[in-house]
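Here's a solo chain for you in structure tokens, the form predicted alone.
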């Protein structure tokens, strides 16, 4: 099976979030299962040095956008696992300090044109390679237009007759919304700007293009696939997603088990396994020393939290329970950056509890690994979470998570309170401060029973979050998609 991943970011070449982790890891697992996988992404600033050896594949390709003809270049490289990766060069659009916008000025005003060019260049890439994939695997709004071009234009090309499209929603809150006049730049048929196409409340939505025109849709967790069919989580697209529920599947993301492995992690001071947890105590001791926690507090529960400082990540709940949490005689370390008001509130609280609360407004990969390895309990109270990765890292490092039962958090953590014999963490089901506090208290209480705590830790470490599991599920989706194409009932075949 031939699969072309089309994404705006791929780790380690360019990354702003979990999307890059998926597109950077999943292809390698698919390749191990026998797939011919390749990747297409923009060539951003600084990537020439980091992408290793690259060869020019195609020069001076013309990509029309509105009344303009843009000339682009395509370069070919390889990932660490040997997967071909193609980079779209157009410095006017991609040679910038940030991927989608600056922290001060917000989103780039020409993001629509940037990703129209990216989407339209996919067909030229296939022609340059003389390689026509059975599956175009598209990711988030930046690649949504590719589904529209495929269904409305390319499907008449004999080379694509047996091809299909799979669109993965990583976070439906990011919809690629642009003013209606942008639609003319796409050069799609006028009928596509309608309620049955890209039009969304008078605007042009690139995400909706992916939802409407792709053969099959996936989300990054099973529960999230159900949640986005409700008004609370669908961001106005729940009706369309309900309509497409028979072609919608939730597949839980995996994690890179080579990078996140307490037995072999080079970024932590001591390695450990489920058979020998002594190294975790060493990690906790080093973490407490580095953070400046008093030595006499080493036997107290150490809580960790890593992530973007935003209400979506549950920091509104944390702020409300922090004073009471500090009264429980625990230590807490928080690592992350984000909303200025949240940062200020955390700074003020940290001054009140200097021996218990440490907040670091940065992102440091080594420190992130040490917090995962050295903490006893990990807090992840997200309001919504399409998948989440840190709860899976925590389980692998036997750092027991406390999570809100939403999205991938609900799918990946088994509640100890509801299922004492199989539980791997603690959940709260109502999004409010008291429910969160009660779940944290339950975890702290269980921490006091060392035998039971070790049992939970060992169950947590035994969970399988490898990409190999996810890859097998994706192959089943690809097979369904190509089967539809073979019998001529692909999505929107009447258009």
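Residue numbers count along the first chain shown, from 1. Remember, predicted model here, so these are calculated numbers, not experimental data.
One more form of this protein, predicted together with a small molecule, exists but is not displayed; see below.
Trainee: Does residue 17 reach the small molecule in the predicted bound form, with heavy atoms at most 4.5 Å apart?
Mentor: Heavy-atom contact with the small molecule at 4.5 Å: present for residue 17.
Trainee: So, residue 331 and the small molecule: in the predicted bound form, are they within 4.5 Å at any heavy atom pair?
Mentor: No, residue 331 is distant from the partner.
Trainee: Would you classify residue 238 as touching the small molecule in the predicted bound form, given a 4.5 Å non-hydrogen atom cut-off?
Mentor: So residue 238 does not count as contacting the small molecule.
Trainee: Determine whether any heavy atom of residue 355 comes within 4.5 Å of a heavy atom of the small molecule in the predicted bound form, and answer yes or no.
Mentor: Residue 355: no, not in contact with the small molecule in the predicted bound form.
Trainee: Please determine whether each residue of 315, 339 and 403 possesses a non-hydrogen atom within 4.5 angstroms of the small molecule in the predicted bound form.
Mentor: No, none of 315, 339 and 403 comes within 4.5 Å of the small molecule in the predicted bound form.
Trainee: Which one of these stretches, 196-204, 90-98, 107-115, 361-369, sits within 4.5 Å of the small molecule in the predicted bound form when only heavy atoms are counted?
Mentor: Selected range: 361-369.
Trainee: Using heavy atoms only and a 4.5 Å cut-off, determine which of 377, 145, 306, 166 is in contact with the small molecule in the predicted bound form.
Mentor: When the small molecule is considered in the predicted bound form, the option within 4.5 Å is 306.
Trainee: Scan 268, 122, 85, 335 and let me know which has any heavy atom within 4.5 Å of the small molecule in the predicted bound form.
Mentor: It is 335.
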